[in-house]
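In the structure tokens that follow, the same protein chain appears in two forms, which are kept apart as structure 1 and structure 2.
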Structure 1
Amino acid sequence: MSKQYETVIGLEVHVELATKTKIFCGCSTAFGGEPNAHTCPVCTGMPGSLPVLNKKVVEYAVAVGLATNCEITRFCKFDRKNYFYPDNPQNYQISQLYLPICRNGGIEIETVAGKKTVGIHEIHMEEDAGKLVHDEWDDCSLVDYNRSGVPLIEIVSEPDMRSAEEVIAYLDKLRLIIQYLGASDCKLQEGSMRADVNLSVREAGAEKFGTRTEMKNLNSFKAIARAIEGERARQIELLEEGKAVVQETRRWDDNKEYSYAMRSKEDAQDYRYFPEPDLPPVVIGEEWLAKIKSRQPELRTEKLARYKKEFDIPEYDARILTESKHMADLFEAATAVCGKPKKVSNWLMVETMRLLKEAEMEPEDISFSPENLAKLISLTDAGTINSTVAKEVFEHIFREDTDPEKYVEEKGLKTVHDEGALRTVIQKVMEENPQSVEDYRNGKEKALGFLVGQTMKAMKGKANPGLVNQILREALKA
């Protein structure tokens, strides 16, 4: 009988904070830009330059700590983590080892198996390193220090996860919390959220953890899931063959779906940590903490409960709308203007989602105003335009944030309610389609749909479908 194995997973999640300037200097944190354009003596590690802490970094770190149920360290310090690498200009990184800003937290995740709490060991503040660009053509490596000194928080979980599904649920919950706080955009593809996976396997029922490996280079949820499955299988294979798992850092290649050993895993003593001499301790007093607490927004879990109660929309709709803070804000603002939550929800859930998918966009990329969506709903409800025209107008709202009232007026798209004009067109349609008229009179209901369609076509889609239906039935009975 083959052995059963259990996977044990802990994560180190690095999140780039949404400050306008770096953690210890006034350089821009904007993504992109010419290489080495967002730099100064501090973030390039020039001798004699001194760091000055960005207050906003501390506030974001505390906000994330509060939202993840952590204890806030009221007296915390920075430490130097020494290592020598071309992307690390000072030859050390300013981080926190001994007194991290947040400790002993946890968040609840939902999986198919039910709810579970994943513990958060600590959250600490640190600076990002630069970026190495490997030029294979010239066989050299170039360094871009634009990212050097960009503020990070590292969220270290407890080894509480047991599957790829739990890891994705945890990351998704964390991402939403941080986005709702406005602390980061958490775009994995741009590197503003990066996860390193610490994974080990052990025989089911064993008390002791197995030897863990750390996997890097994971820039999408799918890559993380594949890496977990791949590494789990690799470690089990080693154990089945009677070999030992080596504690090391591995690099995941998502194209080949395989991980490669990078270096043996370091421990804290390898970095020769010592207190950062150029920065004073950070003291978080009652008043400052109360101010940060008062600014905490409504998070997704509370929003979900409120939407179902206040707007009476189904659980499924509420989940989709709150999956993105931007979408949730849009929903609330449009509802505040027109007072029709279910209709706003329908436009966002159906047409908006369809157009986002077609354009390969994310909900964060939506640029139309809630006022224009609310105006479109009002125009449709008043019967000024029909549903076919409304969809056409919405595409312009989605792409160019067009004012629907002006667009309808300029293009002459208002619904025709003039019975006389409709009767004239219907008479012509019936004369041109005698077979369909006969089919309907012989009991073929489908023929009516065809005649309605022909009338709408003749009216360039601007007729009131209900009225067309009503007049057609009368004319066909005559």
Structure 2
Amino acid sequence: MSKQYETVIGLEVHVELATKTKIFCGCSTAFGGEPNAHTCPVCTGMPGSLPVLNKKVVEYAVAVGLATNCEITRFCKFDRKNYFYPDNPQNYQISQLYLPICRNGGIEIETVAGKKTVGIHEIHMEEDAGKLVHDEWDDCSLVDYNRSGVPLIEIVSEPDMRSAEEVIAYLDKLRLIIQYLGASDCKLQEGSMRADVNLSVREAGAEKFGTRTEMKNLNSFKAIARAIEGERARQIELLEEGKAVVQETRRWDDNKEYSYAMRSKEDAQDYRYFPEPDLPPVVIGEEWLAKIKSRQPELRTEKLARYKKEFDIPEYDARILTESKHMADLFEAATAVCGKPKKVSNWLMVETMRLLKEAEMEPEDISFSPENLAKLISLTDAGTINSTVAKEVFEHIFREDTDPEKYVEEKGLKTVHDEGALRTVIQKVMEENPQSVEDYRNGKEKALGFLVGQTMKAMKGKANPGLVNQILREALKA
């Protein structure tokens, strides 16, 4: 490859909003349930039914728009996107084309290449479709409208990204913002966040964009990164061979690591968009906007700065803690109880992360209470238990949210501070290990560690290690 190529990427990200009810009717958005259990005349497209906009959807969309520095469209409208498919009961989707709720925003991302801003073209509100079930029947497909009418926002970026790293950084930042807002849980695997990648390549330095393709079916950050690499290589190969890139929609198969053409621009549908006559324009007044603004929670960037200042913890710690809203909340709550931010942070960053990794869990899945973590820290600080015991107790807290005070009491794990008892045990350990005693006396400092270990073992780990050390040294000198 002689020429240098630049990849140009824009994203369309669909996010399922965390409302209790659907966007245009009162049906539950709860996941699961018998097929068509969460349906009514509106979300099954029964004749004569009419949509009524869920106010919370507007508030979430505005909140996301504000957090991504968008202009809020104060007079916005819904439009109908017309296309036939059985998962879409009305054969049109209520969406926004002409006056989307948010426009002209952008967020700052950071990669090894440095900081840059990725522009957000628009954010619009729309309804999700139902689900077709093909598998179990030979002669027909069935349709489940439980997801029909679940609220979505679509966040359309500018073609500002140039690499898979930038795309991941952008998605990660979006995910964090939206999770912090509580507007969605943004789980790619479960489909509550979906990203379509628009990608083109051009010779380095070229001004004009190349022909782009749109890639769908990307359900993890890893798949997105692989798909970008794959598509970049495919397009460059075409150009190198003197062939043209065809504007088309492609479906990524992450197992085969290859994308397949779904439909080309020629057979792209004409959606015949027009203003939705069943919904009046949404007017976002000054007062309402102010109310939504006042409810905006602290976002990650602000939280990061505050943690460094307020809790005096290193940048590194603050980053890991704020990587998940849930983790950050836990940190603050536990710190509020025990007043030891650095210690809370250590437990979360080291032991918690280790156990999460072992159990293949996400920080959002942490289920223990901040009170129990705070209690554990107090027990350790007071010398009631030593650090070895503390780690053991923490595993129970992590798994079952055990109350550490009760647990330590019940299992008799309190550190022994009784010197007399300790001296007896040490005497016994020395008698049983004469070689080590001699080694130490001959200047082998290492032998002390062995003897401390044997003593701790004999004490079932409950001894105060400092005290053991001190008494053992005295005894060996004698």
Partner chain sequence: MELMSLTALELGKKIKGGEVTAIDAVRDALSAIEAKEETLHSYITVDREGALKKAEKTQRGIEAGELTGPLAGVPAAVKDNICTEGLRTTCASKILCNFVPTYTAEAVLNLEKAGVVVLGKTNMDEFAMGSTTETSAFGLTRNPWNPEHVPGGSSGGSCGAVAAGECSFALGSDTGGSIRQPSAFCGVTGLKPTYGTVSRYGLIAYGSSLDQIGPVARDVADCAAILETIASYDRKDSTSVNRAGVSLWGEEGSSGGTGADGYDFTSALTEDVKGLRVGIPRDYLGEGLDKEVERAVFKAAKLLENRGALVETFDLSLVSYAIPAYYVIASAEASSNLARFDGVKYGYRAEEYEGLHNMYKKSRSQGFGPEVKRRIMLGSFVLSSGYYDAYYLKALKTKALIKKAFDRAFAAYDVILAPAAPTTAPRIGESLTDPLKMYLGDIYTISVNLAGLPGISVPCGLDSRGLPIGLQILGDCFQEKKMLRAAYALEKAQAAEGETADAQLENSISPDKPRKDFRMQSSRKCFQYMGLGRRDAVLE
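Here, a residue number simply tells you its place in the sequence of structure 1, counted from 1. In this text, rigid core is short for the largest set of C-alphas that superpose within 1.5 Å between two forms. Computed from a predicted structure; not experimentally measured.
Note: the form predicted in complex with its partner chain is the second of the two, structure 2. Glu431 shows a C-alpha shift below 2 Å between the two structures [criterion: core-superposed Cα displacement of 2 Å]. Annotation for Pro35: C-alpha shift of 2 angstroms or more between the two structures, rigid core superposed.
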